[in-house]
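One chain is shown next in structure tokens, namely the form predicted alone.
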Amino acid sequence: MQAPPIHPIDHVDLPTPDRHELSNGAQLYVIHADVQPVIKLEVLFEAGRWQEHRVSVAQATNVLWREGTEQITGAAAAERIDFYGATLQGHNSLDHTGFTLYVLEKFLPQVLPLVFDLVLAPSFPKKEMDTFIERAIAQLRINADKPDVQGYRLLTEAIFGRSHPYGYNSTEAGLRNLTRVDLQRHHALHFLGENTMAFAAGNISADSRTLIIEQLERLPKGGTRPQDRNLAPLKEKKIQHTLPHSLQSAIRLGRNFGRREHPDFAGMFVLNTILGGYFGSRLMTELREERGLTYNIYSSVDTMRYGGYIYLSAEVAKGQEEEAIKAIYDELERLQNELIEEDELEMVRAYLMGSFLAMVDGPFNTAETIRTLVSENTALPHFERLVETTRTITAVELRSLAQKWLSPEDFTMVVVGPEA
């Protein structure tokens, strides 16, 4: 038998969704495909940390609106949703709260109005609120002994500042200070039409589209702007935090970068993949395969609606921290000083082009890609620019980006683990 020929991927197109601007200011993006009789509807409210007047109120509001109204309890609503084979999942990020609904198209009329009843008139019952607070505090206490979690918290705090929405963290005191009035205020101020974006994918018939629009237009008119929060990074560039009972150390390095629409994002996306963005990356090869210092190491360029950062993460055994950090710095400096070999660059190109194909494979994946762009206030042509940059960027351009963004002295380093 002869193997089929291999053809390079020369382009990947992001399907154009149908966009609807609704009467109350909400935005709806529709990606129709009738392969399966299922609908995925994701609704995001710009009601995250940038809008909250009290720490943790956005998270609490997003959990507890699903706990019922004055007319129906959360348990009864969940039972009815389950009866129709639907799945309702909460969405909570630094920028947004909301939900994702999976439902058979024929049962959308039975399920969607109930979901919006919950969204529009949550009762925030005291018993469920108390339970949420106790569970959140219990999780905080568990996380206090986890090097990886503490490393993330300390790093983002150092990069953005202790009062910045991307930098501050939940506390026991903050959770205990939450009141039902706080949740009602946050809900009333921010669960509004102009703060809402929705993404419907799947078998969206004309009747289903009409129903989705009708339910979205039940949201009150109006919108809110995020509070201005200035970056206030900590001066410390090296932070050590001791966890006496930890069996390993978490190493975290990071620096401020910017939004997805930053002119260097596309190139940094490729460069980060080479550094630590996939299993064959340089960090994984050197620290795991060659030296056996860690089970997992990766890097990323994380972007949100109002900013972003470059992030490196690894866990190592006690006593191996210095060797691992030096190895990481060596890889950063190699990218600054040496040109990437053509065969390595071509392998990464092929890997990323395949990833882009997966991002538009089917209506659900396409909707998720569009949601990522829209929720970060990024124009849809960004996807084509990312593909084109991946296809054409040169080793010289990547070295220039490394010299600009990957200098070890520009990174904040956090090490969390047992005493030396």
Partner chain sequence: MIQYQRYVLPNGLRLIVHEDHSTPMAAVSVQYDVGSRNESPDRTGFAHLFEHLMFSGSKNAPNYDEPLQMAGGENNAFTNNDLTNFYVSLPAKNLDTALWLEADRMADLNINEESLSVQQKVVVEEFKETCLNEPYGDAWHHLSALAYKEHPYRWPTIGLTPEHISEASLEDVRSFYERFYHAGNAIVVVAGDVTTEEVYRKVLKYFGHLPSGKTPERIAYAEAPTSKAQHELVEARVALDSLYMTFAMPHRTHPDFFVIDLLTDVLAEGPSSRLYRRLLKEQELATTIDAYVTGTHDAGLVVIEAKPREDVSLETLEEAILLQLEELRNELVPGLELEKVKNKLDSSMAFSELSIVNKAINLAFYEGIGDIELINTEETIYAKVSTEDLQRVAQQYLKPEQRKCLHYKSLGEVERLPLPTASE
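None of these values were measured; they are calculated from a predicted model. Positions refer to the first chain, counted from 1.
The same protein also has a form predicted in complex with its partner chain, omitted here; what follows describes it.
- In plain terms, the part of the chain that comes close to its partner chain in the predicted complex, with a heavy atom within 4.5 Å, is 280 to 288 out of 280 to 288, 217 to 225, 326 to 334, 254 to 262.
- For the chain shown alone, residue 364 is a contact residue for its partner chain in the predicted complex, at least one non-hydrogen atom being within 4.5 angstroms.
- Looking at residue 104, you'd find a heavy atom of it within 4.5 angstroms of its partner chain in the predicted complex.
- Interface residue remark: residue 368 is not counted as part of the site for its partner chain in the predicted complex, having no heavy atom within 4.5 Å.
- Using a 4.5 Å cutoff between non-hydrogen atoms, residue 338 does not count as a contact of its partner chain in the predicted complex.
- Only one of 393, 38, 386, 374 lies close to its partner chain in the predicted complex, with a heavy atom inside 4.5 Å, and it is 38.
- Though its partner chain is absent from this view, in the predicted complex it lies within 4.5 Å of a heavy atom of just one residue from 186, 91, 305, 153, which is 153.
- When contacts are defined as a non-hydrogen atom within 4.5 Å, none of 191, 195 and 321 contacts its partner chain in the predicted complex.
- Contacts with its partner chain in the predicted complex, taken as any heavy atom within 4.5 Å, map within 84 to 98 to 84, 85, 86, 87.
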